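Heads up, the chain below is alone and in the form predicted on its own; it's given as structure tokens.
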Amino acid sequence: MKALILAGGFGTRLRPISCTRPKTLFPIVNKPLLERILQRLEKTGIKEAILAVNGLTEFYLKKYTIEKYGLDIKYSIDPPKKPLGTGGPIKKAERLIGKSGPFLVLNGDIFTDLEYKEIIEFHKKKQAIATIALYEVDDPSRYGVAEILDNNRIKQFIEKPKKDEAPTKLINAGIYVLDPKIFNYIPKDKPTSMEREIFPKLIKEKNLFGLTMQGLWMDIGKPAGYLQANNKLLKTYHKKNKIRMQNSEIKTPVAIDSDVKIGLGTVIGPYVAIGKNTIIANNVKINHSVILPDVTIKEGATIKGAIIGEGAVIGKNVKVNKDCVIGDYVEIEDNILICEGRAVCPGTKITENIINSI
């Protein structure tokens, strides 16, 4: 079986971090999300993964060295300046996928430990054209919502309903198993929505099934979701690792990558992931944050609940508050305050306090 990973989005909700990398390369506890997806595919027994991407994402994926876990990786490229939606990329990859049997489709911005084998076997048993993984959430209004019958056939599918109009709390988890017959439903070289155009047709034909699945599932499409995904995995990491450092305090769970230097009197944690080659000076405080690689954090700085981009320089006594996103290679001068929820674009030099976003 082959897997198609839909990774062609531009990550607009994750800017400014996504200005300089696709969502699939966002580190989840210091390992790119794509690596974690490929690792799980390998454990499922899948040998080939096709990445449905735009040209810019292809550039970044080939630029970065990622662990492929023995999978054969191929690319299906969306045409420039013409995004194909959620269905078009599936049709575009038809030649690479072939028609020998069902294939797995994954949204590339989902962090999950749901068992792919479970939905694959269910799909084969039902002999369906399409099977969707369903997951229960508190607020389904941000997602496609499914209502299923006793035989797991989907009765109706509503994309992003109002919260009080959702028929259930079962959402489309971004994991599908599709039969090659699906290609007959999707027009060639045309932007197409699986959720709004293809699923309704399959429902009318009684060919769309859903499987409610249990486990960890998180959409990292927003900064809060990205931080939460790191926190969830840090809990698992903490069970397997004890971190001891002289003259600094580590409040687990914390993940510290290679070649990180930490100064005297510094307090890190809980819930912090620090990328490789980061330099943290004396008397720094960091909690509930993700620090990407090659960052410099100078003496007395405080970072609470923020994302700090690669290569950023955080000056002395700087305060970066909750829900802030600092882009790659930003330089913040000494004694600056970054107020809650602010975003700083890549490469910016900050010389005064930020109250409004820039």
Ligand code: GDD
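Numbering starts at 1 and follows the sequence shown. Remember, it's a predicted structure, so these values are computed and weren't measured experimentally.
Heads up, the form predicted together with the ligand isn't pictured, but that's what we're talking about next.
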For this session: Please state whether all three residues Ala52, Asp78 and Asn107 have a non-hydrogen atom within 4.5 angstroms of the ligand in the predicted complex.
Result: yes
Problem set entry | Contact stretch among 120-128, 157-165, 247-255, 225-233 - heavy atom within 4.5 Å of the ligand in the predicted complex | 157-165
Problem set entry | Residue contact check: Gly269 to the ligand in the predicted complex, 4.5 Å heavy atom | no
Exercise. Any chance Pro89 has a heavy atom within 4.5 Å of the ligand in the predicted complex?
Worked result: yes
Exercise. With a 4.5 Å heavy atom cut-off, would you call Asn172 a contact of the ligand in the predicted complex?
Worked result: yes
Exercise. Within a 4.5 Å heavy atom cut-off, is Asp113 in contact with the ligand in the predicted complex?
Worked result: no
Seminar exercise, completed: Among Glu94, Glu136, Glu147, Glu195, just one has a heavy atom within 4.5 Å of the ligand in the predicted complex, namely Glu195
Exercise. In the predicted complex, which residues of 323-337 put a heavy atom within 4.5 Å of the ligand?
Worked result: none
